[in-house]
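For reference, the chain that follows is the form predicted on its own, supplied as structure tokens.
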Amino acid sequence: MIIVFKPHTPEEKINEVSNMIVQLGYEPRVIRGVEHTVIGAVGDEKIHRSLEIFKSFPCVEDVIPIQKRYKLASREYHEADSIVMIGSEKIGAGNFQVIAGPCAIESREQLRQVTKDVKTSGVKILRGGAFKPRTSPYDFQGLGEEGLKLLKEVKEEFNIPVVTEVLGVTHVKQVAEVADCLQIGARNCQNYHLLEHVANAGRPVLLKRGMATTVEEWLSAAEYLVVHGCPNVILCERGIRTFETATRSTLDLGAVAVAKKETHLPVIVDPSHAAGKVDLVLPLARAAVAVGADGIIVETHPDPVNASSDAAQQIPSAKFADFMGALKPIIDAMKKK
């Protein structure tokens, strides 16, 4: 339920209602807008008492039930677009970001070169995998802790915020000490135990959609993060598994439009994993911008042919400025900052 207060309601009345909500078995979440203050009452309405009683309060304008399973992530709870900060950079509410970097951190030289190239191209947020989930146990799994050390070095040297993936609960603390944003990969989208721990890390979270996850399940996974204390969630569509084999995954741009309609959270797109082929990354990135995405996350490497993972989809970092130049007209046409 959402309790909407009348304009200029005194703070003591808001606190009074908030305390009563607690007594009725719910957890109050207060949002203060320009004209109205609202309280989202979080809890199971089947086992707690109805909040309809607040309609009779002189200071309350309305009590609105939220039908969505993802209550705090829904626009019913928070109508305006949310802005999430990664370091000092904004994503959402018209603020568009290109997040770029290698699939996996392989060496100091590789990471320094790609960071230099993408930052020169205008990229403001770096991605790089220290811990890599791979389908085969024989594939390159990333440098692990050594990769985190290199990521920290480059972050400080180039003064750029970084995004990297968390694979398990045991990694959360050490990754959060380096990363400005923690990524939850497609395989862990519905790993609720991990989501709860990541939510408590004090960092924004980039939540990728699972390969076979419905939009409702994806947004409900985001709700796990918000409910457990992480309001700064970025949703990422990265393609889903279908019968189609022409691309690595089927990029579901319809899901981006639905997520933008249903939630206030920023939504970005990963065209690299959806494409699986470097020549398809730019067309899919353009489409992502056109459908209303708040950003893209792209893989790039100084020498893709010799990359340890995802070689076929990584843009040569020396040519990343060309990629940014080709994308800019669409960003401008969509009036993104």
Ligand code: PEP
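Don't overthink the numbering: it's just position in the shown sequence, from 1. As the structure is a prediction and not an experimental result, all values here were calculated from the model.
Quick note: we don't show the form predicted in complex with ligand PEP, though the next part is all about it.
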**Report entry** Close approach of Ala186 to ligand PEP in the model of the complex, 4.5 Å, heavy atom
**Finding:** yes
Query raised in the report: Is His171 one of the residues lying within 4.5 Å of ligand PEP in the model of the complex, judged by heavy atom distances?
Result: no
Query raised in the report: With the cut-off set at 4.5 Å between non-hydrogen atoms, does Asp294 touch ligand PEP in the model of the complex?
Result: no
**Report entry** 4.5 angstroms heavy atom contact with ligand PEP in the model of the complex for Glu223
**Finding:** no
Report summary line: Of His78, Lys208, Lys71, Arg203, the only residue with a heavy atom within 4.5 Å of ligand PEP in the model of the complex is Lys208
Query - Heavy atom within 4.5 Å of ligand PEP in the model of the complex - the one residue of Gly87, Pro231, Gly144, Pro133 that qualifies - result: Pro133
Requested in this report: Please name which of the stretches 51-59, 285-293, 268-276, 24-32 has residues with heavy atoms lying within 4.5 Å of ligand PEP in the model of the complex.
Outcome: 268-276
**Report entry** Stretch 294-316 - residues with a heavy atom within 4.5 Å of ligand PEP in the model of the complex
**Finding:** Glu299
